[in-house]
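The chain that follows stands alone, in the form predicted on its own, written as structure tokens.
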């Protein structure tokens, strides 16, 4: 079998199937970690699934394996479609696909063995970092060459977001992982903390957010059966997100001895993020105005619409928790964990799944294997994510209030134990939805012709 076979949309299909498989692995890793939060010794203290390792495996699998693969796969469909030009090279696309999956697999193995850079969302060791950078460069080159040969002169906003995403992600990943220092992947002292959160925040901004917005801008007008409300608003949102998002990572370390001017820039920039976020959402929601029936009649539309709601909630909570007065209560608590789940699973993850279910019939030439299974997955993930938000936010407020009143950590743990049990229980819904999704996507690609109900 030729893994670099030149076939139409082969790269897209590979990334979408990879996303489904990594979602199962990532959600199961998260479930193991959640169980260990409830009963730390239940699984026998096996080193390669100890919480400190399984948590890093979980975040990397969900972020880059599940959500990242789906969004990159969607980009490989959107770029040639919107430019009315075949992808420059499916072979390069396949090479990036296999390299991406190899890097993620290597990441799982090395993290389970304890090899890590111990930086938030940048735990992968130097050789894997180089692999990721090569993939990003390959994808950008493939898209750039497709762009140069395009038959469509008008660059729809999704193209802006996709191309911008890979440019900014490459440099964010390079600098954020301190690639020039392979032994540690870091620099020294407080500047390293600033650099780490420059990366931690910007990888969310310029990889997940920009690609998810590109997917939403493509799907919503088609499902709503109406043109995008405003192309001008879409470009305002694009440029303001580049201006506002890049310098606000320091709001994660307001309590640290970072320069005051940098804290002020981070907090004011965080508040300013409401401009690009609301610009995107107003544009999308005005496009949907009076057409929610169309949106919810389409399983892909439902996923993307739910993602847009989580985007609003995430980006209201984000500026709020950047305020020092709020951060005194929420920092280092489960509130922040809930916020991270909202951004990755709620916004980017739901949008990515909408992209998967929208694109699959168009690249296979046949209907989805089961719209019913996709709908079940939608409700399992939506209920699970809503539960995560309520449970983790509540647990975080209990922790923060206790610590502010002088309670020590071990006195607070019994008070949040029930919430950790609920968190693990909700993880079953997410893992179940992931397994259903993998089956549905695999059968849509390789099984018999599906149903449409």
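As the structure is a prediction and not an experimental result, all values here were calculated from the model. Numbering follows the first chain given and starts at 1.
Missing here is the form predicted in complex with a small molecule; even so, the following discussion is about that form.
With a 4.5 Å heavy atom cut-off, would you call residue 120 a contact of the small molecule in the predicted bound form?
-> The answer is yes: residue 120 has a heavy atom within 4.5 Å of the small molecule.
Contact of residue 427 with the small molecule in the predicted bound form (heavy atom, 4.5 Å) | Residue 427: contacts the small molecule in the predicted bound form.
Look up in the predicted bound form whether residue 68 has a non-hydrogen atom within 4.5 angstroms of the small molecule, and give yes or no.
-> No.
Give a yes or no for residue 34: in the predicted bound form, does one of its heavy atoms lie within 4.5 Å of a heavy atom belonging to the small molecule?
-> Residue 34: contacts the small molecule in the predicted bound form.
Scan 88, 339, 247, 291 and let me know which has any heavy atom within 4.5 Å of the small molecule in the predicted bound form.
-> Among 88, 339, 247, 291, a heavy atom within 4.5 Å of the small molecule in the predicted bound form occurs only for 339.
Pick from 131, 361, 343, 80: which has a non-hydrogen atom within 4.5 Å of the small molecule in the predicted bound form?
-> Contact residue from the list: 343.
Run the contact test on 11, 19 and 302 with a 4.5 Å heavy atom cut-off to the small molecule in the predicted bound form and return yes or no.
-> No: no residue has a heavy atom within 4.5 Å of the partner.
So which of 104 to 112, 307 to 315, 182 to 190, 365 to 373 is the stretch with heavy atoms within 4.5 Å of the small molecule in the predicted bound form?
-> So the stretch in question is 307 to 315.
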